[in-house]
Structures are given as C-alpha cells and as structure tokens.
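A single chain, nothing else alongside it, follows as structure tokens in the form predicted on its own.
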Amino acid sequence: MSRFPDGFLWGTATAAHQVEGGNTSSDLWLMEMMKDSLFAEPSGDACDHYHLYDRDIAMLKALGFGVYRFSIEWARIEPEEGFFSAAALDHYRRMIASCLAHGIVPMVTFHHFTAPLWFTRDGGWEDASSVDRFARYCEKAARALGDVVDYACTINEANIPIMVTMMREAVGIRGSGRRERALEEAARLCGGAVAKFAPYLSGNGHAAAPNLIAAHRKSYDVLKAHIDGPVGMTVALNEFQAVEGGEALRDMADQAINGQFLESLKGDDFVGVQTYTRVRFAKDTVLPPPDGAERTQMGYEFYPEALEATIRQAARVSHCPVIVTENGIGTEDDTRRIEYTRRALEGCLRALEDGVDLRGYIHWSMLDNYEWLEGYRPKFGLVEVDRATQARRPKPSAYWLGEVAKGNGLD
C-alpha cells in the first residue's frame, strides 16, 4: 500500500507563541525576559507570523498542503481576567478567513502551552479554578470564531506537565535549584505568591493532570455547542519500550502519562497524536538513547518508527479516529528530515493497512520557530526563516512533502 485514503488530511502546524512574536501578556514572556532565565533566549519578534500570516498561508497552499493547524493565544484574547479583547478575536477571525480564502482547512488549537500571566500567577492548571476559567475563555472564543472553524483542538499535549514531572523523577534529577529560583523570581516580578506560580511546562504535573482532563471535558462540550466540525485533544505520545526488568516502570509511566489521558477521550471526534521518538525504561530509570544512535538537535533518538506504535496505541485505548497533529525532527540536515518523515509515513501506511482509522498527517512545523527553552537553535521547520529580515525560504523537504500531499501517496 502506498496510497492514502481519499480525503486524507495533509498539513503543517505552528503555535502562536512560537511564531507570532510580542506575546507580552503571557507567562512565558515574563520568564524569557528575566535576567537569569531558564530560556536560552527570548521569543521577541519570533517569525512575525502575527503580521505575515496571509503570505505564510498562501505559501502553504502553493506547496500543496490542505490543512493549517495553529493556535489562538489566550493571553492576547484575555490579557487580564474577565477582559476579552475584541481586537484579538477579530485578528484570529481574519486569520481563519485567510485560510478559507486560500483553500486551506483551519484547525484551531485553543491552548498551546502559554497562558495569560494572571492565570499562571494564580495557580495555573494546578488550581481547580482552571477548569472553569479555561471553559469561559473557550466559550468567548468559540462564540466569536466557531462558525468558521473546521477542526478544533482544546488543549495541546495535556499530558506534557505530568510527563515532564515524572521523567524528572524517573531519572532522579536533583538539579542545582535554578528552576526553583527562576519560579520564585518570576512570582516576585509579577506580584504573585511563590507557592501559587505554576507555568505549564515547569510546574507540578501531578497536580495539573486531573484539572487538564476535566478542562478538556468541559471545553469539549462548550466548543461542540458552537463548532460544527470535529473537536478533539492532542496528546504527546512517545513510544514507551522496556529492556529486561523495566516493564513495571514502563507500564506505570505509560498509564500515568498516556493511558489516563487517552481513556478520557472516549467518545470524542478525534485524538491528535504528537510523536517524535521513543523512550526506553530500565528497572528503575529512563535510559538514554543507545550508544551510537543518531540524535536530533533536541537530543532525541532519531526513531521515526515510534509514530506507527503511538497511532496504534491511541486508536486502541481511546477508540477515537486518529489525526497525526505533530510529527517532525529538529535538524540542520534537511535530507534527514525527509528520511525521518518518509519512514514515519510508511508506518502510517502500515497502520492504515491494518484498519486503523487514521485520517491525517500534520507535520511539525511550518517554520523554523522558537523552540521554548532551546530558543531558536533547533530547526524543525519545512521553511527556513531569516532571523534578520523575516524572509521565508522553503526547504527541499517542504517541496517533497508537498508533492506527497498533492499525490496523496508515497512513491
């Protein structure tokens, strides 16, 4: 089998904070700008996608893609609690209109890691109030945008906080205290209490997990009231493997990090699978990549076969149709990006042959963008961005994958 089913979705993705620039009301903007920041550099102007979105969307269409997955920024829409910016909502409505005008299907994510500073200052996802606060934001945004949204994702990688926390625990990281000092300084700078300040990527994942699951369930119902198209959630799924003796730790981690989230999605319109590599477990620790294994710029093992395994797991546990909403590689060598993506797509075809209800593949990412703690060093994009001029240059991988999308198959 080398052909994908008719109607298969082909696209690329971005996240607002990573590409828009100037997200000054967000929690991470404060943390990036601190003197002793955990971040390699601030996001700054990013890729200025906030202003250049129309030409970027036109570029996607010209390359051959049919779907653009992007996020709307909660910190822009509700910069202070209870104040909803009509101007920000109008901006995102124009962005969706650009997709439709260019013949691109808009897939909108309502939360992608960043949050308003006021939200994180007051407990973030670790506070039970987060469920109603997020649902209120989704209600406002969906009333303004829902009639033009084709696909919606509630929360991007809702299992990431507990994954980060548990991986830190599994490898026994004690650290130098720099993370704790950074959180204390951020809380002080925004006038919050240290015990309450809780960013998505560096807080207590055990406390956040139940609230994130509840927030998805509540916001799913809110969005379904205003959006005719499919609504789902995306989950970060590494393929979890065990060497001899590591089965118990793997199974425990798999249930806490993957299983409980996938189980909570039963009855949803789809589950978004986001996979980059595998993780191997020994008896009491997480193992590094094997000696001699190729690594990406993020330090991940080059292991595109993980995607097939996670697609199958997501379908089996959630009983939902699957869309690959992120898959890609951080590398300066674009030939390795093509090799990685080809092998990942071969795994998609094998899953389809076995009857898995897989409905699309969305590559991460459209642009070389801001990669959180790592700054602009890792290159995930199909399109290069000149940091000085904001000029775009599609890489060979962009043309290659665009041809795959136009032909709906692998040669």
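All residue numbers are counted from 1 along the displayed sequence. Keep in mind that this is a model prediction, so the values were computed, not measured.
Just so it is clear, the following notes concern the form predicted together with beta-D-glucopyranose (BGC), a form of the same protein that is not shown.
Student: Find the only residue in Glu371, Glu346, Asp357, Asp45 having a heavy atom within 4.5 Å of beta-D-glucopyranose (BGC) in the predicted bound form.
Tutor: None of the others qualify; the residue that does is Glu371.
Student: Select from the listed residues Tyr53, Phe70, Phe65, Phe380 the one whose heavy atoms reach within 4.5 Å of beta-D-glucopyranose (BGC) in the predicted bound form.
Tutor: The residue in contact is Phe380.
Student: Within 4.5 Å, heavy atoms only: does Tyr137 come near beta-D-glucopyranose (BGC) in the predicted bound form?
Tutor: Close contact is absent here: in the predicted bound form, Tyr137 is far from beta-D-glucopyranose (BGC), nothing within 4.5 Å, heavy atoms only.
Student: Should Tyr276 be classed as touching beta-D-glucopyranose (BGC) in the predicted bound form when contacts are defined as heavy atoms within 4.5 Å?
Tutor: Although beta-D-glucopyranose (BGC) is absent here, Tyr276 would touch it in the predicted bound form, with heavy atoms inside 4.5 Å.
Student: Test of understanding: in the predicted bound form, would Asn258 fall inside 4.5 Å of beta-D-glucopyranose (BGC) by heavy atoms?
Tutor: Flag for Asn258 set to no.
Student: Would you classify Asp254 as touching beta-D-glucopyranose (BGC) in the predicted bound form, given a 4.5 Å non-hydrogen atom cut-off?
Tutor: Looking in the predicted bound form, residue contacts with beta-D-glucopyranose (BGC) do not include Asp254, since no heavy atom lies within 4.5 Å.
Student: Among 347-355, 53-61, 371-379, 32-40, which stretch sits within 4.5 Å of beta-D-glucopyranose (BGC) in the predicted bound form, heavy atoms only?
Tutor: Of the stretches listed, the one contacting the partner is 371-379.
Student: Would you check whether beta-D-glucopyranose (BGC), in the predicted bound form, lies within 4.5 angstroms of a non-hydrogen atom from each of Asn156, Ile160 and Trp364?
Tutor: All three within 4.5 Å in the predicted bound form.
Student: Any residue of 323-341 with a heavy atom within 4.5 Å of beta-D-glucopyranose (BGC) in the predicted bound form counts; write them all down in order.
Tutor: The stretch touches the partner through Glu326 alone.
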